[in-house]
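First come two forms of one protein chain, each written alone as structure tokens, so that there is a structure 1 and a structure 2.
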Structure 1
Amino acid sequence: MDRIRLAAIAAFAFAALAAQAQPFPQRAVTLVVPFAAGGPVDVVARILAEPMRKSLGQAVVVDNTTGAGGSLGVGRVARAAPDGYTVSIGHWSTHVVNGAVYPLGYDLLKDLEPVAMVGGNPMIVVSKPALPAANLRELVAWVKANQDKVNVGTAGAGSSTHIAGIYFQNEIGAKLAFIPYKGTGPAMQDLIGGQIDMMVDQLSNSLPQVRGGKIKGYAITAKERSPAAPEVPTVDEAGLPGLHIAIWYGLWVPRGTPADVIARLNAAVVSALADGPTRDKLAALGMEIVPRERQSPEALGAHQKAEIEKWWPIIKAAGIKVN
């Protein structure tokens, strides 16, 4: 009996070791989107999922876990098994801003491991069509002269449009009134209708309205002009240098995920970003894919840390909190 028992134990141990020795992945990988289907993060996730599947040899299943500004979906990944099968995709708001505005039950830097940075989408300073300013310098002068009655639209407290609007306010030395909406869509409708004066919005969202003559566009919040809108000057060119803000995207896994698993996931993302049709789909969203050397886990980790150090003091000084 002892001999049989020992043989069974040995067989079980051998099977366990064999399972561990199998290359990752052996089953589907879940890509957790912390927002509803159809939103910007969801669209990016679904664009990446198919080329990542080809690289990994296993399905990449997009799963929408929504709520609390994306913090619930990110928290799900932070608490998941560190085996590479549950991956977080998010952006500047979910992996930087939320740490300053929500009472998170996890640490954005300590409980997650970076996998790869994807790319970014700059913001653009826009106004209602009837506003008299013809360029950014004139807009700043008009806002400062009328700051007691200027209304700035946002997609809600702690949103990218809110933080960007506060950054604009701080940089020009004014005190503005921020009007929260339930999303960028209704805010844009009121901007087009002239019910609010201005916004600092994602380029991909505002550009069609600017080109359609429904709102005015002044400058993008980047150091260089966007390939998606080469006709729009940068804030540096237009007279407000240093007003740089971008909604950048990346992927993370739970802390403790083996280095070889992270390397495998990173290789799948890098391969996807080198794929021509995938690049074209992302470019159509106004996203600028980061250079190859910035697609590494180390580059994403360093960038996220630097962004937290830059934005948390600004956010906390503004007293933005979401319970």
Structure 2
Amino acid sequence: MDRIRLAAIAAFAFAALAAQAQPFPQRAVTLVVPFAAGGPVDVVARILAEPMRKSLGQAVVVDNTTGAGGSLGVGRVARAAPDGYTVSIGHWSTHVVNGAVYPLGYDLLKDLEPVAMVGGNPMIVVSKPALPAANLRELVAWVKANQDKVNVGTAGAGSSTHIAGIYFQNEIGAKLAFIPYKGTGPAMQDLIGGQIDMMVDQLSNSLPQVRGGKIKGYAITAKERSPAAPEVPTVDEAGLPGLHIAIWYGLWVPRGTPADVIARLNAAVVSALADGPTRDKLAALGMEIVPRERQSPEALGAHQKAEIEKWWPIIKAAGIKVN
């Protein structure tokens, strides 16, 4: 081998080693939101992006890759390079339910690695403002009387709003029409405008509109009232006992991402969740942040696995399929 080739190989090896030694991140990190802008996942991602940027020293860019109940956005991350620059943010339906209702081209547990658990919120039964019901019992009576023409908004087949809507219709013994959107951001616009009748929506998406008098809120899908909305009764109090659904959020990266990169991303989420203004923004939406010890990748992995074991049999037994 001549001297020039040897020098070129040495220079290449040096550059590769130098690149490896560069601390993560060296460029912007993309946070893939699997639903439309303006909806609950998008809002949480945008709240986290700024404090994460401060901690990482690089921009955190929110990218909305929508469709198929969030499975297109999550699939994009599952197939991305395992280098920490493409991160999935999602929740109960995208990272648990979708595995039971979609023939996914990826495995939620084997193709993704957990980064951090964020927290969660219950859902709330809401309707268009003109709907003539003053409480949940009256809403149920109106829906049953008008079931051939009631339209329920969802963020697409298999999304949390779809699953919760199906549980609602099953509980009240009705058959309703579900109208899919690319997320509950756009669905909310149509609920406010009266183009759809009702939703079982995440509290964080609906609470500002209920407070602003733009839609009606009837009951939350939890055993306890939310500290952010103590005036809203629980489903147990309001007449549909047991309709409990909690939407918890997390972040994931492709399987094979180096442990130190995951630790760096986790530290950025943990520091964002410890930041006062960030906590206040999430709390105002009814999002409860998990305690520090549950923000670890291990805690998220264990919770996701337990939720899959709990919900897949329930969803499969309910016959909920999208294809």
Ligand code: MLT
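Throughout, rigid core stands for the largest set of C-alpha atoms superposing within 1.5 Å between the two forms. Note that the structure is a prediction, hence the values are computed from the model and not measured. Here, a residue number simply tells you its place in the sequence of structure 1, counted from 1.
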{"query": "Identity of the form predicted on its own among structures 1 and 2", "finding": "1"}
{"query": "Estimated from C-alpha overlays, the smaller rigid part's rotation between structure 1 and structure 2 in whole degrees", "finding": "31"}
{"query": "Value in Å for the CA shift of E231 between structure 1 and structure 2, taken after the core is superposed", "finding": "5.0"}
{"query": "Between structure 1 and structure 2, C-alpha offset at S160 (rigid core aligned, Å)", "finding": "2.4"}
